[in-house]
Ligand SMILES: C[S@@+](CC[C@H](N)C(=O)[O-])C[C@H]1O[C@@H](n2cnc3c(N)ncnc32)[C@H](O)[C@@H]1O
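The data below hold one chain only, encoded as structure tokens and taken in the form predicted on its own.
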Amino acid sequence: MDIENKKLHIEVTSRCTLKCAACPRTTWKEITKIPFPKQDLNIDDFVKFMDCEGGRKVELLQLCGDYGDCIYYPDLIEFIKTFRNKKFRLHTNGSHGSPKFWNDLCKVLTEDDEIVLAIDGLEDTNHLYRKNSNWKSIMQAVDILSKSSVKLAWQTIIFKFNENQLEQIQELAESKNIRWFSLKTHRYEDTNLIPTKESNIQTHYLFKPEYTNQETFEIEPKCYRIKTVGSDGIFYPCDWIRNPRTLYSSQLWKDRYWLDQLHIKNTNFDNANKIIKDWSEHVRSCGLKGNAEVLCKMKCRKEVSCHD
């Protein structure tokens, strides 16, 4: 089994307490003027979806949301217990969880699992992007988790407000015995968040006007590598396309039979991978014809390498 199929990215819920500027749920509300609907992955449907040769060979379930945060999934503990024969990597903002929740979570996780805490600043700055986050509850979670056997990582996205705090943030993380790393981004929504140093911006993913032209681009689709099961139960070619600014203008949405075939109620992991492979060839041919999606040109043009 190829390495791409040993990991599966899952958004178990669309629930989140934060209002981050560049989050798809924030964008959704700005566009539609209504909150993003609450969606929780159905465990029974997912069990059936994974009950096939390829599903059983998946080794790592990465719970990382586009719209939601896995710690707000009402069935998180049950979900982990159901798939306890696999490793887990949980990505979370770490806010508003009770001590009981974190202690219960630690009981079902092992030293083979990992929690990645998305913390973008210190007490005086983290909330500037991660609006509605609660520093006291985050530090409470850190203290509980650091006493468990689970592996911990602290992820900091670089913004204008924290680019001069990175060393302090790293020191705080490492003082808690947590592995720290920083990430550059190209998504800000609020221009006040853009770092002053271009070296701190993920420039190779920035939009360029020529991407809207009907020019040929050699596309190397990463659909087969970066697959995501959304909280709506759809097995998407990638998580990037799920943003409301890209999904609803995409060919994937216009030709919705692709999405119908990819709902976990209608297929299993093996068959869904075959459909994704067909879709990736469609994406490749669109590039050669000059009508590839703008998103595909930004993320999957030949010279761009994949960054999970």
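Keep in mind it's a predicted model, so treat the numbers as computed, not measured. One-based numbering along the sequence shown.
Same protein, other form: the form predicted together with the ligand, not shown, and the subject of what follows.
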Study note, to complete from the structure: Residue within 4.5 Å of the ligand in the model of the complex by heavy atom, from 118, 141, 229, 115, is 118
**Study point:** The unique member of 107, 187, 176, 81 whose heavy atoms fall within 4.5 Å of the ligand in the model of the complex
**Key:** 187
Exercise for review: Classify residue 129 as contacting or not contacting the ligand in the model of the complex by the rule of any non-hydrogen atom within 4.5 angstroms, answering yes or no.
Suggested key: yes
Check your understanding: Using heavy atoms and a 4.5 Å limit, would one call residue 288 a contact residue for the ligand in the model of the complex?
Key -> no
Check your understanding: Quick one: is residue 137 in contact with the ligand in the model of the complex, heavy atoms, 4.5 Å cut-off?
Key -> no
Review point. How about residue 66: is it within 4.5 Å of the ligand in the model of the complex, going by heavy atoms?
Key: yes
**Study point:** Contact segment among 164-172, 107-115, 151-159, 208-216, judged by heavy atoms lying within 4.5 Å of the ligand in the model of the complex
**Key:** 151-159
Review point. If we check the ligand in the model of the complex, which of the residues in 19-43 reach within 4.5 angstroms of it by a non-hydrogen atom?
Key: 22, 23
